[in-house]
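Take a look at this single chain in structure tokens; it is the form predicted alone.
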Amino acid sequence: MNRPSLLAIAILAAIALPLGLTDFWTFIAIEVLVFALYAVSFNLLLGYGGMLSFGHAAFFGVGGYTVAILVKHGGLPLAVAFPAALAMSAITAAIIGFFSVRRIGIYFAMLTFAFQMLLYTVALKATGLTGGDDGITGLKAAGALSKPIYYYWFALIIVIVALALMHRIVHSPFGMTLQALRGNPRRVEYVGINVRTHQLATFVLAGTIAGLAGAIFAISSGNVFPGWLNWTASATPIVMAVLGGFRTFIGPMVGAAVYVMLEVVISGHTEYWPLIMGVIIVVLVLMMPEGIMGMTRRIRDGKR
């Protein structure tokens, strides 16, 4: 079966999925969609650009807080709040990226980390706007979107469009150039390509998509907290990308689905779920150094 047919089947299955689910599992399905988008946005930096960011959660949090503030305090509809979240995430990414892409390696990673902690402090201390430690709660979509099944389809459409856009970009000449930069930035610069411009454009795109994921999740979960911007939150997309296989486009999506399902199943059975989940992820990564998709490819190739 060719790829277009498999893609069509996957989309149809995703559309039909909530028809057989309870409201709880529909919310979990939305969470899988959100974190799949979030992980792929991070993988634009790591898997395609060779840039390890320790502050990617900053944009997820900015997107979430922007929607929460506009909906909760401003009373604005999602049709206004979501584009505003995209714009705010893009602006934030442009500012952080302008300074961060001037450095490489660990210095780039630490700069992104520092900016994220700055935003975390703002979210924690600006209580009048962000609610401080208590965050912003009671978020809810209006009209039909207040029902989980309709919000799922709404999120699914957005995620499909965003994933299609990123897929098109990484397979465009820009994406090919980005992958060349990952391999040898100096050699690419010698042929007249502006390395910093390409890296900054990628950083802004990744930050904008992460902000979109945060905006979707804020309405789905009904709240936003400063923890979304804390340094520990940036480990989530890293783990998802590595677990699924950050050398492929679909790998981070698979990693996100596995991560979310493990968290839901294990946390429902024991209060020590972080420990158990950590052990499972360590074992999976040691057994599959190229991620789940890498292991799948090796098994497939071995049967030929």
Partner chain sequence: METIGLFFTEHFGWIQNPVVVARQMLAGISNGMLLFLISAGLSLIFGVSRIVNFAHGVLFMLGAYFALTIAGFGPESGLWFVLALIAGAVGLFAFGAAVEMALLRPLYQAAHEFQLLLTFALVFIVGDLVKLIWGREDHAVAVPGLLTGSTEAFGVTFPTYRMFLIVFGVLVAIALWWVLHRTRWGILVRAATMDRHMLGALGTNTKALFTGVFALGAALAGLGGALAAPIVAVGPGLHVQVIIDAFVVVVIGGMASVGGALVASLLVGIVNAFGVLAFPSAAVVLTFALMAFILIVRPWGLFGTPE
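If you superpose the two forms and keep the largest set of C-alpha atoms that fall within 1.5 Å, you have the rigid core. Residue numbers count along the first chain shown, from 1. Owing to the predicted nature of the structure, the values given are computational and were not obtained by experimental measurement.
There is also a form predicted together with its partner chain; it is not shown, and the following applies to it.
Note on the interface: of 119-127, 210-218, 67-75, 144-152, the segment with non-hydrogen atoms within 4.5 angstroms of its partner chain in the predicted complex is 119-127.
This chain appears without its partner; in the predicted complex, the one residue of L139, I91, M110, L156 with a heavy atom within 4.5 Å of its partner chain is M110.
Contact with its partner chain in the predicted complex, defined as a heavy atom within 4.5 Å, is made by all three of L46, A114 and V285. Mapping the unseen interface onto this chain, F249 falls outside it, with no heavy atom inside 4.5 Å of its partner chain in the predicted complex. With a 4.5 Å cutoff on heavy atoms, F27 does not count as touching its partner chain in the predicted complex; it lies far away. Mapping the unseen interface onto this chain, F54 counts among the residues with a heavy atom inside 4.5 Å of its partner chain in the predicted complex. In the predicted complex, its partner chain stays beyond 4.5 Å of every heavy atom belonging to V258.
Contacts between 275-301 and its partner chain, taken as any heavy atom within 4.5 Å in the predicted complex, involve L275, M277, G278, V279, I281, V282, V285, L286, P289. For M288, the Cα coordinates differ by 2 angstroms or more between the shown form and the other one after the core has been superposed. Figure legend: C-alpha atoms of L118 and G278, shown here, are separated by at least 3 angstroms less in the predicted complex. In the predicted complex, the separation between the C-alpha atoms of I281 and M261 grows by 3 Å or more relative to the displayed form.
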